[in-house]
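Presented below, as structure tokens, is a lone chain in the form predicted alone.
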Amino acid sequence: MTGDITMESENYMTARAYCLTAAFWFAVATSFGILAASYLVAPDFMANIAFLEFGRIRPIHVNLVLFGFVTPGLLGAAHYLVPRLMQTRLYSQKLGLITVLLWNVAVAAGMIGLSLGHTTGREYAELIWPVKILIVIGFGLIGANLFLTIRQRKEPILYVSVWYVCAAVVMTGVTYFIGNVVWEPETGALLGISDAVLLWFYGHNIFGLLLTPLSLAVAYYVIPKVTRNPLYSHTLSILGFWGLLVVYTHIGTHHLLQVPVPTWLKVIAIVDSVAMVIPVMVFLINIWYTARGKLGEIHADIAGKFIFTGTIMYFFVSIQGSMMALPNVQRITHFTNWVIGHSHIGVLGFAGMISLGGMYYVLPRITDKPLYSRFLADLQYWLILIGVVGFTIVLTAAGLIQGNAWLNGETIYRVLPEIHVYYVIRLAIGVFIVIGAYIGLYNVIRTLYWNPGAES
């Protein structure tokens, strides 16, 4: 890895803006999440308030977590690490700030549209056409800024984190355009099975080609820094990079094993889903061997603790995902709370933890001051960890009850009372995550704007 170079904090205004964006929308997203969980406990909760109905709150929560919290948090770290690794300044802070503003306008407009009932009804692609255009433009501007930064670099070698960041921005921009059927502004969709195949090509790649590469980029940068160890293997890092891009792009159809899509497409999706073990384990072996013997240093560094925990969550969510692609397993797990638990491990436990860790790593370095409160960051870590683990246990149990009951022919109205207690526990656990999100927002704001320069 190349050495760091000295830069003024003003050269990181874009990274600061992304971190603030992520912290703010994380708090808002979890607020909507706890509201949605309340409906599952009490279906008449806030009944007849149209813009707060569950069918509108749920996609708002999902899109806010995806595009409001995790992605900006990872982009904040990316706009710090790419210039550092390239030993140059970001090509244009002005362009970066315009992009952040555009991104926030898109997220806010999308959420207002969903609350008013304007949706395409497609998973992770619910936003209305004008918002989708703004997001595509946003990816284009991000890519232009980063690639022009790389073009003016002083460091000739492209570290693997730069590979992952560039791949995430370029490939997501393309898959977002295709998966959201942007060329059909009236519907944002194709017809029939073709639309389902295209949707899940996009739906899975929004995680595999956006959140995953950005998360791995941050982990590859921060863990060697925190442990003061060189990366275990550059060869493994490149192998994992190409393995992810080649294998992950074909697995979306494992969401459609019960529908009449071509059998060969299902087979490819299942085989590649199982094969995902390869790039995942290549990355984990590389990063864990880099951290070997330095767990004390990781525990002592709040960013390292968040990110290393995220890599552990990556292991669990990936193994679980490979299992869920098997038809015999999916007969039980599909359309149940098991899948919801799986998504929370992946988005919050893996990408979310690394996003928070990346933010806590770059914040002191872009403000030239220590983090406002290490205690609050630690408290947030434990609240989020308890929430993710709790969600995993509770939702997995509820999903297995649902799946086995339906397999045995039980009706939905018989199953719902059986899992009601799990929904209550889920709601209680969600409070931990909401509190953690607001603590994080306070800590980030104080670090950026009202920081006396020493930890409280």
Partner chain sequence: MSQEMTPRAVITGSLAILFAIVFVMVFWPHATRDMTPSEIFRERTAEENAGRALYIANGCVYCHSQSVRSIDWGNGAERIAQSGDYVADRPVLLGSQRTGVDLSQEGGEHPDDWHFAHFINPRFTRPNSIMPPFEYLGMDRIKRLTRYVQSLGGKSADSRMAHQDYWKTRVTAAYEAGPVHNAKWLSDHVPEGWRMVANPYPTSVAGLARGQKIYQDFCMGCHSPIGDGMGPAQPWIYPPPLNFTILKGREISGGILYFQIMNGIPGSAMPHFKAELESEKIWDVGNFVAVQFINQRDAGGIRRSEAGGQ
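Positions refer to the first chain, counted from 1. No experiment lies behind these values; they were computed from the predicted model shown.
Beyond what is shown, the protein has a form predicted together with the partner chain; the following relates to that form.
- Contact annotation: of the candidates 365, 294, 374, 153, the single residue with a non-hydrogen atom within 4.5 angstroms of the partner chain in the predicted bound form is 153.
- Distance criterion of 4.5 Å from any heavy atom to the partner chain in the predicted bound form singles out 120 from the list 229, 104, 93, 120.
- Proximity to the partner chain in the predicted bound form, taken as heavy atoms within 4.5 Å, picks out 329-337 from the listed stretches 69-77, 210-218, 95-103, 329-337.
- At a distance of at most 4.5 angstroms from the partner chain in the predicted bound form, none of the three residues 390, 442 and 448 contributes a non-hydrogen atom.
- For residue 250, a non-hydrogen atom is located within 4.5 Å of the partner chain in the predicted bound form, even though that partner is not displayed.
- Among residues of the shown chain, residue 126 is one whose heavy atoms approach the partner chain to within 4.5 Å in the predicted bound form.
- In the predicted bound form, no heavy atom of residue 430 sits within 4.5 Å of the partner chain.
- Although the partner is absent here, residue 316 lies well away from the partner chain in the predicted bound form, with no heavy atom inside 4.5 Å.
- If you take 185-202 and check each residue for a heavy atom within 4.5 Å of the partner chain in the predicted bound form, you get 187, 189, 190, 191, 192, 193, 194, 195, 196, 197, 198, 200, 201, in sequence order.
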